[in-house]
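The chain that follows stands alone, in the form predicted alone, written as structure tokens.
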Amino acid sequence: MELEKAYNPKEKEGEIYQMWEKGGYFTPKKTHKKPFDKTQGRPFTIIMPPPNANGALHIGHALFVTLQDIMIRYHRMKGDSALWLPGADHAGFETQVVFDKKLEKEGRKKSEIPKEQLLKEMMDFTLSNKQIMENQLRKLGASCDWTRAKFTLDDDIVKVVYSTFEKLKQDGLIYKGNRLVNWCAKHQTTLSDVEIKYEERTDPLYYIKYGPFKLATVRPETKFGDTAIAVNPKDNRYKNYVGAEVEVETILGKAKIKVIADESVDMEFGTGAVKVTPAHDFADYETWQRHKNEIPGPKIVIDKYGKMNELAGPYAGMKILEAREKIVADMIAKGLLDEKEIDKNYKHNVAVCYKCGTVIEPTLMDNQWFVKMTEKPASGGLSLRDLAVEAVKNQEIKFTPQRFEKIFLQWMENLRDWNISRQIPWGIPIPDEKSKLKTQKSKITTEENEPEQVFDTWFSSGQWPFATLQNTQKGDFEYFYPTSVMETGADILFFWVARMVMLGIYITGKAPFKDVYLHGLVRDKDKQKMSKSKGNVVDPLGTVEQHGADALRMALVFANSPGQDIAFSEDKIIAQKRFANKIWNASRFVLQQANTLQTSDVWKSPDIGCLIESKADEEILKALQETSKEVTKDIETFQFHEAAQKIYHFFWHTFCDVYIEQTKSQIANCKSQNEKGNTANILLYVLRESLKLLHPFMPFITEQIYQMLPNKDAKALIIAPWPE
């Protein structure tokens, strides 16, 4: 059979994917029983990080699809029961933000839409995007098992989430209380510690006169919530004031405030004396916790809309920055602040919402749900944090790159209780004593009372590995759990990976995966973050349409070392498109030789060595064997970029530039038809084995060519045996 003159990925890729899916090649065969026989394949499982079902896939999705598909296709060809379980995430807060923007464009207000109608619209929006996203995954070549696809709002998944919530409650690890939380005034919801980011900013540092003290602060507007002055117990400058109540002049008149000693106070910051505002600062809140018997409780002076409240007197109703400017001016006028002493170049880290950049306001709020991260459960055993720490230290879970192990353990040291309640309508409602949950695919409602809060989406997705496998096919959990590899972005190591480790071990007694592979961000050619406003975004689906999925996939992996950000551009895709053309043209030449010499019968011979006619034949077979071993080793050790470069170099330079050129004269000078046939068959053999090595990286073009070979050793390349 002869290949067409040019390979057209736009025409062929869809047909090839349909052939794979209809052939059932994505569904693993559970043929092996535990304990496993080392001579047979084992289960190899990847749970796909479920993309947010709120928009089109971006270049980061294309990267994870490529990396995970490489592993799955490789292990499938190795004979393992390879399961790649796909899914979609309702994505709580993330989807709420996207949907709010949609409403804004339509000129509609969320507050004016009846709750039931709003939830239905959001569900329709999410399910529509879910379908689009799944078709886009197909276009990228994702060989995942669609028969096991799950959605975070599937009834059986929600049931698992509630079961975990109930177990945590029974173990005394869930509590509801009045606590200080991270509050985004723009989105009107709390955020967990990992959902805020820190930006270095330059702000004025003010030195406020407080009776006999001068206190340094960047937030003079919170002074109406001050409950104490704190100094370090080792600071001799203030030892005579500790325990005393001092009279101070404020812009609202005279007041009395107590001086306390606390070791957390940095004697080198400002004057070494600081104001304590427990309702609006996490460090101050903890200071109050230690001194409850000495000082008053928190006083809230900023409301949830980021405005000063009635305790701010004449400044009530002002937004924070407006109030700050007015308060500073009035304090200067009253002699409580010396304008000359203001440090206008004070650099510090400011917590902001990771989605909108709004400065986070630490706020005291009622009815907040928290998970205790560092306390032992009532039923016995380690805390959630210590379960994860022990699993990593004992090497039950290994990181690639290894440096992330240290980062993970350091982060665990400073873990605070996890706020799992969100003040948004979209998500899985948190059940309380008066409400009874009822979920349906088309809507989420509650009977009796509607909870005002929903679970943090990371609480539900943190249960994803065991929640999915417990609710797919009978025996899946027992066979495929723990999973093999969790491949995801380094930026969500603490958002998601840490949550999965803690909850997975807590519920199942086993770590949810054995290896964690972390990739970096895809940036533009100048290593700048991609954004629509900069005009430097690479659209993966547009790229597939123009250049083919194989070129995109190979470009993404070719120079992508683990954990490092990638400098990416269309030039790299075009370079790999040229490589695809090289593969096609070389294959056309080999097939032409095979067709001319009618060599298919030779494949009855079990030994390729008997076909050797020249030193060139020996060298190409040796080079192929070495390349196979190296590529196999690189894939096994997650060095996918090394594997891609080696098979690229072998095919283009060793096979095409050297051996194929040598065979042209070798065939011409052969003394017999049999000798010519032997050379042609070595060409076919090297081509077939090369296609196998290339297949995990460039699945479409390799499958298309494989189907035309006279020496196929499987019905389809996707299930052909991996080269030994």
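The structure presented is a predicted model; accordingly, all values stated were derived computationally and were not measured. By rigid core we mean the largest C-alpha set that fits within 1.5 Å across both forms. Just count from 1 along the sequence shown to find any residue number.
Missing here is the form predicted together with the RNA; even so, the following discussion is about that form.
Tell me the stretch among 307-315, 636-644, 247-255, 134-142 that has any heavy atom within 4.5 angstroms of the RNA in the predicted bound form. It is 636-644 that comes within 4.5 Å of the partner.
On the criterion of a non-hydrogen atom at 4.5 angstroms or closer, are 198, 585 and 653 all touching the RNA in the predicted bound form? Yes, because 198, 585 and 653 each have a heavy atom that approaches the RNA to within 4.5 Å in the predicted bound form.
Is residue 648 close enough to touch the RNA in the predicted bound form, meaning at least one heavy atom pair within 4.5 Å? Answer yes; at least one heavy atom of residue 648 falls within 4.5 Å of the RNA in the predicted bound form.
Report yes if any heavy atom of residue 481 sits within 4.5 Å of a heavy atom of the RNA in the predicted bound form; otherwise report no. Contact check for residue 481: no, nothing within 4.5 Å of the RNA in the predicted bound form.
Quick one: does residue 202 come within 4.5 Å of the RNA in the predicted bound form, counting heavy atoms only? Output for residue 202 is no: heavy atoms all beyond 4.5 Å of the RNA.
Do residue 508 and the RNA come within 4.5 Å of each other in the predicted bound form, heavy atoms counted? Residue 508: no, not in contact with the RNA in the predicted bound form.
Of the residues 452, 286, 545, 124, which one places a heavy atom within 4.5 Å of the RNA in the predicted bound form? None of the others qualify; the residue that does is 286.
Within 4.5 Å, heavy atoms only, which of 217, 383, 363, 164 is in contact with the RNA in the predicted bound form? By the 4.5 Å criterion, the partner-contacting residue is 217.
Within 409-429, which residues come within 4.5 Å of the RNA in the predicted bound form, counting heavy atoms only? Heavy-atom contacts to the RNA in the predicted bound form: 410, 411, 414, 416.
Superposed on the rigid core, does the Cα of residue 381 end up 2 angstroms or more away between this form and the one not shown? Stays below the 2 Å threshold, so no.
2 Å or more on the CA of residue 220 between this form and the one not shown, with the rigid core superposed, yes or no? Superposed on the core, residue 220 moves its C-alpha 2 Å or more between this form and the one not shown.
For residue 134, is the CA shift between this form and the one not shown at least 2 Å following rigid-core superposition? Stays below the 2 Å threshold, so no.
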